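So this first bit is one chain, no partners, the form predicted alone, shown in structure tokens.
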């Protein structure tokens, strides 16, 4: 419920802040005048415009990441009322008060609600989540993907590298090198592409190593938290099958994909 104070609706926020990557986190509380259809991003903008706590203390502007403001870029991920999600689509009318904002802890905190997601991007590099077809001349059109395969592959391509699935996964933490569900699902996406399949064995051998499939605990948290509804656990199950086949090919010395 939105609080009422002197017949004026207000919204209260408790925001976990951190001044530097090495400093201790602390909470600050803010109160804003309520507006219909307000989202978390617009509330943070209001606080940034006038960074004064409920105690009347003038403080520094809150730092957070944002870009598209329409749940496409994935930059504005944070923990809202204990749940990792996108702050651009988190409507105040649908949140319990006070609204608690905190940075995702799977990634190192840069400042306040900003985090360094290099862990995820490094994993994408590790699994070669691209199709290396650059050349000095026009290679012409590539092979077409069958429509049935294209439809489910498109669902995987909706990923916006927001990091929410890694934050929700209990196996992705500072004590584990598990790459998480997002890079694994991208392996399935690029292996499904007719041209990307030329690096299929390389990708599968990578995820069979340290930090790969074997570290998944099948908690199902990732698929429940994904803002795009990507079937992450289905991808992981398919990759388990693919890596089993790849292990036999490695054993018998077959280079076929």
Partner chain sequence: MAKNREFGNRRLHSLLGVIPIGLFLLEHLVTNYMATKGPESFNSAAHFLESIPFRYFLEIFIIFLPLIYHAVYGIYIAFTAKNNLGRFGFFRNWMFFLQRLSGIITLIFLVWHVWSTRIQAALGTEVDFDMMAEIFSNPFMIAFYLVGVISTIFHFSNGLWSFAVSWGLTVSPKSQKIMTYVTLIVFVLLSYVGVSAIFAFV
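Positions refer to the first chain, counted from 1. Remember, it's a predicted structure, so these values are computed and weren't measured experimentally.
A second form of this protein, the form predicted in complex with its partner chain, is not displayed here; the remarks below concern that form.
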| message | For the three residues 171, 220 and 244, which mark the spot I'm curious about, does each lie within 4.5 Å of its partner chain in the predicted bound form through at least one heavy atom? | response | yes
| note | None of 50, 67, 224, 60 but one has a heavy atom within 4.5 Å of its partner chain in the predicted bound form; the exception is 224
| message | Under a 4.5 angstroms heavy atom criterion, identify the one residue in 125, 148, 158, 83 near its partner chain in the predicted bound form. | response | 83
| query | Okay, which stretch from 211 to 219, 51 to 59, 195 to 203, 32 to 40 lines its partner chain in the predicted bound form, with non-hydrogen atoms inside 4.5 Å? | reply | 211 to 219
| query | At the 4.5 Å heavy atom threshold, is residue 88 in contact with its partner chain in the predicted bound form? | reply | no
| request: May I ask you to check whether residue 109 falls inside a 4.5 Å heavy atom distance of its partner chain in the predicted bound form? | output: no
| Contact flag, residue 175 vs its partner chain in the predicted bound form, heavy atom cut 4.5 Å | yes
| query | Taking 4.5 angstroms as the cut-off for heavy atoms, does residue 14 touch its partner chain in the predicted bound form? | reply | no
